[in-house]
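We begin with a single chain expressed as structure tokens, specifically the form predicted on its own.
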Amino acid sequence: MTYILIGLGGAIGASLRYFVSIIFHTDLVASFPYATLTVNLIGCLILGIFSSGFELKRRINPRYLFAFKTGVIGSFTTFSTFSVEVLTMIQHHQYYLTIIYILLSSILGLFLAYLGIKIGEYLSQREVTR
């Protein structure tokens, strides 16, 4: 059953990721990868929230939580595309944009994961005090 839930979550996450790529129209090889940056940063925030203890207070079935985190968020975000895009940008001599992309992805990703954890902790404490 867990495999089916992860597969369904993966289909949802991949579809959402494709939707974001359509919004940004980033199919050009030498363009800045806004779609990948966006999905990875959103994924950092959401995964932070659902890895903070908040999910335990909501009494979410562990199978569903695992399917959400691994299936939906795992297929929504993508490190492999990030890596290929960095190498493609280097091949096109876009060194300045490459450095910006790496720094934005890394620093903002860590910040948003941290922010997500803090939001999740706040929400779980708020739930307890009610």
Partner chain sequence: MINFILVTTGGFLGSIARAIISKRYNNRFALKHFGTFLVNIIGSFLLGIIINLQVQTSVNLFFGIGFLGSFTTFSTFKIENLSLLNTAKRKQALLYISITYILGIGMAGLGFWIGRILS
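Remember, predicted model here, so these are calculated numbers, not experimental data. Positions refer to the first chain, counted from 1.
There is also a form predicted together with the partner chain; it is not shown, and the following applies to it.
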query	finding
In the model of the complex, Phe82 touching the partner chain (heavy atom, 4.5 Å)	yes
Residue contact check: Gly120 to the partner chain in the model of the complex, 4.5 Å heavy atom	no
Contact of Ser51 with the partner chain in the model of the complex (heavy atom, 4.5 Å)	yes
Contact label in the model of the complex: Val20 to the partner chain, heavy atom within 4.5 Å	no
Every residue of Phe24, Thr38 and Ile99 near the partner chain in the model of the complex, heavy atom within 4.5 Å	no
Residues in 69 to 90 with any heavy atom within 4.5 Å of the partner chain in the model of the complex	Thr70, Gly71, Ile73, Gly74, Ser75, Thr77, Thr78, Phe79, Ser80, Thr81, Phe82, Ser83, Val84, Val86, Leu87, Thr88
